[in-house]
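One chain comes next, on its own, written out as structure tokens in the form predicted on its own.
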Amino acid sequence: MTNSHRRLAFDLTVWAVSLCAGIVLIAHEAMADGHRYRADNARWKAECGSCHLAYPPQLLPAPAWRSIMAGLDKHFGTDASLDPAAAAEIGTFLQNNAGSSRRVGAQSLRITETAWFRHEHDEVPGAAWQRPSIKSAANCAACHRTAEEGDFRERNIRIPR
């Protein structure tokens, strides 16, 4: 084998390994994005985020968001009524970005009661939710340090003591 053939074989090997590594990295990031939610609506962020984390719309299916928006006057024990224009804009935004019923389930209006949430948090001991630093399972930002940005990836989790 000549030097030029060896060089070609070496270059092709390096190229193939680089290609495979790139595909693996892209696949890994695509899977990790399963816990990253991108949704941007200033009114949703301002109105919903004024009392709690503006929960990503993908965490509930459209029918659940419709029910939540229809009952804002008694929103989990609080009057969270909005003016009609704000309610319409946020409702449309939530519906258009909602998760699929198959993935998140449709049985509850509470994200923390969905089968998906329970599966994702099954390793968290029940006593952790009672810690003063956490208070409840609905306080995503207590453990998910980047929840405000819609990033719920495991590498960004720190469960407070």
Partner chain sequence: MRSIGLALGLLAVVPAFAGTPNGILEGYRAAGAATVSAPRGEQLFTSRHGSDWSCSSCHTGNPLARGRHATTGKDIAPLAPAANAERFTDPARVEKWFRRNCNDVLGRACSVQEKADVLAYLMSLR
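Remember, it's a predicted structure, so these values are computed and weren't measured experimentally. Residue numbers count along the first chain shown, from 1.
What follows is about the form predicted in complex with the partner chain, which we do not show.
Novice: Do residue 148 and the partner chain share at least one heavy atom pair within 4.5 Å in the model of the complex?
Specialist: Contact check for residue 148: yes, within 4.5 Å of the partner chain in the model of the complex.
Novice: Is residue 132 close enough to touch the partner chain in the model of the complex, meaning at least one heavy atom pair within 4.5 Å?
Specialist: So residue 132 counts as contacting the partner chain.
Novice: Just to confirm, residue 124 within 4.5 Å of the partner chain in the model of the complex by heavy atoms?
Specialist: The answer is no: residue 124 has no heavy atom within 4.5 Å of the partner chain.
Novice: In the model of the complex, does residue 63 come within 4.5 Å of the partner chain, counting heavy atoms only?
Specialist: Close contact is absent here: in the model of the complex, residue 63 is far from the partner chain, nothing within 4.5 Å, heavy atoms only.
Novice: In the model of the complex, does each of 49, 78 and 139 have a heavy atom within 4.5 Å of the partner chain?
Specialist: Yes, the whole trio is in contact, each within 4.5 Å by some heavy atom.
Novice: Heavy atoms, 4.5 Å, the partner chain in the model of the complex: which of 96 to 104, 49 to 57, 63 to 71, 115 to 123 makes the cut? Say which one.
Specialist: The contacting stretch here is 49 to 57.
Novice: For the heavy atom contacts within 4.5 Å of the partner chain in the model of the complex, list the residues of 55 to 73 involved, in sequence order.
Specialist: None of them.
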